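In what follows, one protein chain appears twice in different forms, each by itself as structure tokens: structure 1 and structure 2.
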Structure 1
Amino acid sequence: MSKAPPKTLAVVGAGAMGGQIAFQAALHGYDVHLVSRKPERLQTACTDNGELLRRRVEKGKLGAEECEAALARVQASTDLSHIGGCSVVLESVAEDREVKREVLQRISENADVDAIIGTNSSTLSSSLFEQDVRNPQRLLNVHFFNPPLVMQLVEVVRGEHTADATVEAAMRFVSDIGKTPVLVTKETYGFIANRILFIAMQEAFRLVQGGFVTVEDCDLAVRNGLGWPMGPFELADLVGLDVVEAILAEGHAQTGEDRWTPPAILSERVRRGDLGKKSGSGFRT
């Protein structure tokens, strides 16, 4: 598969994830088109990430010239036609199947025919969108972790439709922007890190629901026994209990496995509006 000129990237979606992916690539010499329908979202992404990079300069972790060069490499636009000529195009929009389908269709219409197309989805495999992309052998998941400027891992997930050359190019791209790629050779719900995380979280829910341990002691055991930076209930509150429930429900829908079914201890709180940190009440909040 021939490639467009190197070190050119388009990121479609300028939220917290998309914005940081764009600036991470810019730090490593990529010319980046950051695209969003919302001008205010683009402004926020450029302002906030500019502040993050300049803070690194203040702390002596990044040279001033390197910082300013990276900031200059990111071009913000509401026009998706600007992605033409980019060797890699990543979508990083809402974790909603229909939203992603629409965006990937538009990317397919505007990107070069041989540009790699990556979806940053954490739960929706690229095979769900195979019919929405021209030349789908260049489509795969390229899943960054939040926040992308800090977190090292990127899961590169191969679909049955994905060509060898696409996988190889995606792995090179991830390494090229200073991240550590892990190849998931076959699609599975949650991929690797999140699959392990949410199944472990389910076990914590079941232990508390069954009366084996309190929420507080479960978190204490996991922090001190397994070395997690926070316990599963603290983490659920931070992520949002409604988000956790939705992830588990989608896992059940996609796999049909009962172990993904959201437990009553979680769903009851969501129905009451106890969503964790964002609502002011949850398991530990």
Structure 2
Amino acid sequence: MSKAPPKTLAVVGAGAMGGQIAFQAALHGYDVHLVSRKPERLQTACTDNGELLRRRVEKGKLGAEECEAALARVQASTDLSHIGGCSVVLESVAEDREVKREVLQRISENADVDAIIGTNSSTLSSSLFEQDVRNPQRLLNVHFFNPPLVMQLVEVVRGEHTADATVEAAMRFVSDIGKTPVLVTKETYGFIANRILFIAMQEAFRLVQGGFVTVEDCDLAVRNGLGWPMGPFELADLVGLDVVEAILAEGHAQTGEDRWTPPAILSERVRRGDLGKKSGSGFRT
């Protein structure tokens, strides 16, 4: 019988996504290296996630010992050379092609050659970065949803040269950390969920921009008429307006279709620095 791979994970990028992914895996027994260039970001990730998990203990949803063991399993570091020995490495840095390229190159230099390298990008397919890693057969998209501690879905996306064994291992890894994987068998802009979500968001932006409805009423309609847990504007604030704009701009660049062009109502806010929840002001924040 083949031996189970060690439960070791590195997450590079400690923003809202990377931080929660690290703690989600730790809750499921993974020893995690959480890496960021910025020590203050690591500090925030550890503090915020510590609070979230301890709140689960207070609510009786998590054992106190289990919680403390999970928190102790996450090693925060600014040094990427520590990722050697990890069986899975997930990149979760800014949604910017050049930033991801540079980070994936550094990951590939430091990770074991047979480590799975997953990029958490929602719009940049892993095949775009094949030249940047030593072993493209071990590279693919592993796309989480915000907030990763809560959202169940993870999209696993096969790249052009991803090996079958890599896809299988990534699907197993996602299940192993308590999430539900779906496999996207061929790369396409936006994969599944974002492709559907961002078209709906575009329609919401158009309705408000055209003066047909207020931001508040649009959210109310979607919550109450469609049963979404959040309206599109609340959700845009949660995701980050800069991230929403980058996703749409990438859609336009990749497909040439006008339906993805970021609308003025969004871009104006991003230019002003109103980025949603993370900046303290957005559509609904």
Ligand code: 3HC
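Reference numbering: structure 1, starting with residue 1. Under this definition, the rigid core comprises the largest set of C-alpha atoms superposing within 1.5 Å between the forms. Quick caveat: nothing in here was measured; it's all calculated off a predicted structure.
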Form predicted on its own - structure 1 or 2: 1
Hinge candidate matching the rigid-part switch between structure 1 and structure 2, set Asn194, Lys38, Glu168, Gln131: Asn194
Estimated from C-alpha overlays, the smaller rigid part's rotation between structure 1 and structure 2 in whole degrees: 20
For Leu266, CA displacement between structure 1 and structure 2 after the core is overlaid, in Å: 6.1
Per-residue Cα shift, Ile247, between structure 1 and structure 2 [Å; core superposed]: 2.4
